[in-house]
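Presented below, as structure tokens, is a lone chain in the form predicted alone.
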């Protein structure tokens, strides 16, 4: 390829990436507006926008939009971005397209932590406010630490890390089943509801916590973007380029632990966002991590925001658990990705 052709191809790729980002941002804005407008009481988009701008004098409308629906809409965007970004990092450092916080047991660890408090800590006065999210966060970190510990073994490979993650998944699922077996009927209902995933308990305080974690972790991951790109060439080649592979994976696992723990602590376990969003981003912007990581976060936010809208439209007047909706959307889409990959 001549130099002029290479420059033209690079400019075309850059224009495509810019167009993808613009389209995703526009879709996210439209989905966010629809999320605020939909619900048991359907609201006109214009009225919602005027309320957000502070030029609506209807107190009832302001209460519905600003106090009830705005935290849910923002939480969907922030949690989706965190899950999409964590999934992209997991797939990169493990060199496995099936890797995500959900498939490797990190979300299962969070679910076990939440169930542990529900079963044994229901008498705590702060259990419903902070104990359940805190336990979910800590056990998500524990699951991630177990997988990372496997990576510290001599001769550890990405394949071993994946197997360690699958082992964590089955371990925490078994422990969770044990808790469900011994739980009371009331506690069992709470566990099942939490495991379904729901945005209905979102508040601006919780949104601020998850947003703070996302804002703190994202720059650290983007700083390592070129190292993640080098890692895709293989561990040996990455080391030849001066990358400390073990330290990079350790930092990545710590970041994934923070993102996943904060994301699922308040909304429950939500699957397929961290699995599907990176695949879409990879097909649209390529493997360059400088563009792949932000695109995964953006598309994760778009997918979960769209799922939030869908959860309100399946049955008018009823809000489906968001985890069920993401599974209904994610399973056929991921099957299509697998079939398309096999055809290629």
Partner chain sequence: MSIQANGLTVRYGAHVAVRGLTLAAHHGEVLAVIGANGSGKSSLLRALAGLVPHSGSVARRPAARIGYMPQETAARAALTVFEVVLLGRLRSLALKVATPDLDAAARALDEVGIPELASRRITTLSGGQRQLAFLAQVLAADPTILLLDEPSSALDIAHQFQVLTLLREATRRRGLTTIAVLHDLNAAARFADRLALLHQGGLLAEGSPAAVLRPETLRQAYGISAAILAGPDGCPVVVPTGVAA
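Positions refer to the first chain, counted from 1. Here the structure is a predicted model, which means the values were calculated and not measured.
Not pictured, yet referred to below: the form predicted together with its partner chain.
Contact annotation: residue 286 falls within 4.5 Å of its partner chain in the model of the complex, judged by heavy atom distances. Mapping the unseen interface onto this chain, residue 182 falls outside it, with no heavy atom inside 4.5 Å of its partner chain in the model of the complex. Of the heavy atoms in residue 240, some are within 4.5 Å of its partner chain in the model of the complex. Residue contact with its partner chain in the model of the complex: residue 230 places a heavy atom within 4.5 Å of it. For the three marked residues, 7, 17 and 226, a heavy atom of each sits within 4.5 Å of its partner chain in the model of the complex. Contact with its partner chain in the model of the complex, defined as a heavy atom within 4.5 Å, holds for exactly one of 95, 98, 214, 175, namely 95. This chain lacks the partner; the member of 142, 222, 187, 254 within 4.5 angstroms of its partner chain in the model of the complex by a non-hydrogen atom is 222.
Picking from 65 to 73, 315 to 323, 288 to 296, 33 to 41 the stretch near its partner chain in the model of the complex, with a 4.5 Å limit on heavy atoms, gives 288 to 296. Of the residues in 270 to 284, only 282 comes within 4.5 Å of its partner chain in the model of the complex through at least one heavy atom.
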